[in-house]
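Encoded as structure tokens, the following chain is the form predicted alone, with no partner shown.
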């Protein structure tokens, strides 16, 4: 059974994750202005690697719910990734759109797997 304190933790850490996403994406985008959405790309890769780390460490239960679902669920963003890719397609920038879609998937798998390997090695 999930306690009220756990749900409060999910909400609080979810707010922190959303703020962190906004901050990290903003910093990355301002330092590397480009048609390629580097801000969301970096956010999703770093979030995936930390989630892989938590999984490799065998974190479970309420702690995984608060940090995995709350913090990292709010930090990473599937919907922004899709909208940004769709907009690249609308603009006819097909090469960048496919690079963004496939690059995010491949690099996301790699960084998440690396996080899992590191977490598993630490455990």
Partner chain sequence: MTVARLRVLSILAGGAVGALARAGMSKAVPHGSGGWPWATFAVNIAGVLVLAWVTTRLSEMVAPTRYWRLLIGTGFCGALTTFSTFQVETITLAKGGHVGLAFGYAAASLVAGMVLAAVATVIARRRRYG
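Predicted, not measured: the structure shown is a model, and the values here were computed from it. Positions refer to the first chain, counted from 1.
Below, we turn to the form predicted in complex with its partner chain, even though it does not appear here.
> Tell me, yes or no, whether residue 29 is in contact with its partner chain in the model of the complex, where a contact means a heavy atom of each within 4.5 Å.
Taking the distances in the model of the complex, the answer for residue 29 is no, it never comes within 4.5 Å of its partner chain.
> Could you tell me if residue 96 has a non-hydrogen atom within 4.5 Å of its partner chain in the model of the complex?
Residue 96: no, not in contact with its partner chain in the model of the complex.
> With the partner left out here, check for me: in the model of the complex, does some heavy atom of residue 34 sit within 4.5 Å of its partner chain?
Result no; residue 34 lies far from its partner chain in the model of the complex.
> Does any part of residue 18 reach within 4.5 Å of its partner chain in the model of the complex? Heavy atoms only, please.
Output for residue 18 is yes: heavy atoms within 4.5 Å of its partner chain.
> Do any residues of 44-76 have a non-hydrogen atom within 4.5 angstroms of its partner chain in the model of the complex? If so, which ones, in sequence order?
In sequence order, 44, 45, 47, 48, 51, 52, 55, 65, 69, 70, 72, 73, 74, 76 come within 4.5 Å of the partner.
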